[in-house]
Structure formats: C-alpha cells, structure tokens
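Listed next as structure tokens is one chain, alone, in the form predicted on its own.
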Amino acid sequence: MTLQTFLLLACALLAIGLYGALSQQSIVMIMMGLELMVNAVIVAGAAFWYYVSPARPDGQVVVLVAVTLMAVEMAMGFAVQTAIFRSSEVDMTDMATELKD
C-alpha cells in the first residue's frame, strides 16, 4: 500500500467521524464520531512515520501515546455521560443544555 492509500483512508475516517459528530444528538454517538476523527489522525501519523523514517522508533511511541490518550479521553467521556444520565436521565445534547441552570 502507498502513502496516498493510507491518507485516503485517514480522510475517509475523518469525514465519517465529522459527519457522525455533527449529525447526531446522542452524546454517545457524538463521542463515537470524535473517536473516528482521532483514529484518522493516528492512521495518518502512523503512515507518515512508516514512509518517512521507518528505522526510528519515535513514530511508534507517538502512535502509542495517541492511542493511550484516546482511550483515556473516551473513558472520561463515558464516565461523565454516565454521571449525567444517572443524575437527571439526560442522554441527548439538547436536553443537556438545561443542566447549566
């Protein structure tokens, strides 16, 4: 596979994630869209590392750090969503705007 193929995959993931994040009202679906966008960045970063300097391990470290941060971010997001749902039965973004009062 070429670098262009990986970048095309990253662009497709980014577009699908952006559509998912902007078109949904469910907080979980918005987080899934954000997850796809972060995955697109990881795929693009890994592809650039593989084609620019495959002998150096620094690209692998950056990808592992990004995957770890992505997992932590999603765990925190789901914890916040669970806390909001348990406190006031809110699972849609338009209903969550009432919580700021």
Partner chain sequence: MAQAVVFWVCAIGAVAAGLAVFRVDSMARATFALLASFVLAAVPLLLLGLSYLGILVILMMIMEMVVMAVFMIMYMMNPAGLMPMSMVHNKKGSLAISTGTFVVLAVGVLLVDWPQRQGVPPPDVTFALGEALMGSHMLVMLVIGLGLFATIVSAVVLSHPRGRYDRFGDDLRRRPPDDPIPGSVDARSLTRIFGVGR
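Numbering follows the first chain given and starts at 1. Not measured: the values here are computed from a predicted model. For clarity, a rigid core is taken as the largest C-alpha set superposing within 1.5 Å between two forms.
Below: the form predicted in complex with the partner chain, not depicted.
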(message) At 4.5 Å, heavy atom to heavy atom, what parts of 1 to 21 sit next to the partner chain in the predicted bound form? List them in sequence order, or say none.
(response) M1, L3, Q4, T5, F6, L7, L8, L9, C11, A12, L13, L14, A15, I16, L18, Y19, G20
(message) If I superpose the two forms on their rigid core, does the C-alpha of G45 end up displaced by 2 Å or more between the shown form and the other one?
(response) no
(request) Once the core is aligned, please say if the CA of G33 is shifted by at least 2 angstroms between the shown form and the other one. (result) no
